[in-house]
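Okay, here we've got a single chain as structure tokens, the form predicted alone, with questions on binding and movement later.
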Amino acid sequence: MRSPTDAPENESRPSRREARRRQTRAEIIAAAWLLVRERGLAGLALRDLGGAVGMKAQSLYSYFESKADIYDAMFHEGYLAFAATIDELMAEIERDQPPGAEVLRRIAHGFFDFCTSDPVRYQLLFQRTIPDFVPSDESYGVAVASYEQFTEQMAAFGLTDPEVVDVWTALLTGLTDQQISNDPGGDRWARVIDQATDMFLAAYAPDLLDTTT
């Protein structure tokens, strides 16, 4: 018969096992990021990934069902990082209470800086770089929540027309793509973010420009 003092230790074993499993998964994901930043998203090889974490390639299947599952975990982690960045940015904006045009300028800079700080992550989150990769419902849900937060921010300024929102997203991703493709590590397109934002506002919300001091 088990003594009462044995219960906490025995019952904690599954949670310790699960904690180790989560830690190993996190180590695999971190190693995957290092590899794709070196070789590109399509260059992720399970043999190299296994070697990076001290296990054989087939052992990775104890933690992920497939290479697509690893990409999915990276996608999920990337969008969580994006959501955290935007939450921090919006907290700063709420604290500073800048005029409307400056809010959108800051949002534009925040998106641009997040994306250009890690081009490979940007490709995974916002482009279709991996053929046939489709994020899981759970991971895609994080992406949808981020987009809904984004549209709520636009709606706060009366910008609710879906086509106007599409123009804004095209503007931001266009500036980002140009920077990553044509001036990696530089600031050529970063320097025109404010001008591009003001052009957008002049076309769709000129009243916001009138309130800028």
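Residue positions are given as counts along the sequence shown, with the first one as 1. Note that this is a predicted model, so its numbers are computed, not measured.
Form predicted together with the DNA: not shown, discussed below.
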*asked:* I need the one stretch from 156 to 164, 184 to 192, 61 to 69, 141 to 149 whose residues put non-hydrogen atoms within 4.5 angstroms of the DNA in the predicted complex.
replied: 61 to 69
_To verify the annotation, which of these, A52, I180, L44, I29, has a non-hydrogen atom within 4.5 Å of the DNA in the predicted complex?_
L44
*Does any residue in 15 to 36 get within 4.5 Å of the DNA in the predicted complex, counting heavy atoms only, and if so which ones?*
R17, R21
